[in-house]
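Consider the single chain below, provided in structure tokens and representing the form predicted alone.
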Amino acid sequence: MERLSSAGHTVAARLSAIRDEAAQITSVVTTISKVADQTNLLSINAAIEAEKAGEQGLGFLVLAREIRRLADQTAVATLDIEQMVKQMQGAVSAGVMEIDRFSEEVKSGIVSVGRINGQSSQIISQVRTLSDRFDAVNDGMRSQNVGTRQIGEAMTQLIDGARQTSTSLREFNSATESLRDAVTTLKQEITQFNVGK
């Protein structure tokens, strides 16, 4: 039972670390969103200047439109990532609450097991001295069976929480990979439009 409690605390600490990392991802997504907004504004300004330049600005106008399209795609991708991170944070928070509840149940179970052990010792001594107390032993065994069943239910809840954590981690990895792909695509697109030369 104590090992279960320790494992519950370990899982809660890991979920808390995931929650902190999700907050950092949210900060990065916010920065990317701001960059996309600024890029969008710059592309609008560039399009206006290209229009003013007339026929000489047509090539620059195409470039400005392409940059604006990429900024729009980046903005959409960051919104998607932000939604995924929020969902992950919700799942992690729910997992932390479940682990806390499970830890409380384990603590209660430890107290119950200690109490049952004390009762079992008393029953055994009474059975040795009085043969007519077998009914009390049966009652104690039933209580122990109920405690065992409760422990089994608590273990099932812990397994469900671990599955939810695994699902949240897969979603987090997927969101991170999508963000990497979006950043790589943006870098490739930007390198194609080297305006400084």
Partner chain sequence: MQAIAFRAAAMRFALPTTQVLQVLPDCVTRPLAMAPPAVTGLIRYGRALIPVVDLGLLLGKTAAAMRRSTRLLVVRINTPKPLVFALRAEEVLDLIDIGAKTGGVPQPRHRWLGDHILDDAETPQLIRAEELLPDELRALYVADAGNEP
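Numbering follows the first chain given and starts at 1. These numbers come from a predicted model, not from an experiment.
What comes next is about the form predicted together with the partner chain, which is not displayed.
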{"item": "Stretch from 168-176, 155-163, 49-57, 140-148 whose residues place a heavy atom within 4.5 Å of the partner chain in the model of the complex", "value": "49-57"}
{"item": "Contact flag, residue 33 vs the partner chain in the model of the complex, heavy atom cut 4.5 Å", "value": "yes"}
{"item": "The partner chain contact in the model of the complex: residue 45, any heavy atom under 4.5 Å", "value": "yes"}
{"item": "In the model of the complex, residue 28 touching the partner chain (heavy atom, 4.5 Å)", "value": "no"}
{"item": "Complete contact of 37, 65 and 68 with the partner chain in the model of the complex (any heavy atom, 4.5 Å)", "value": "yes"}
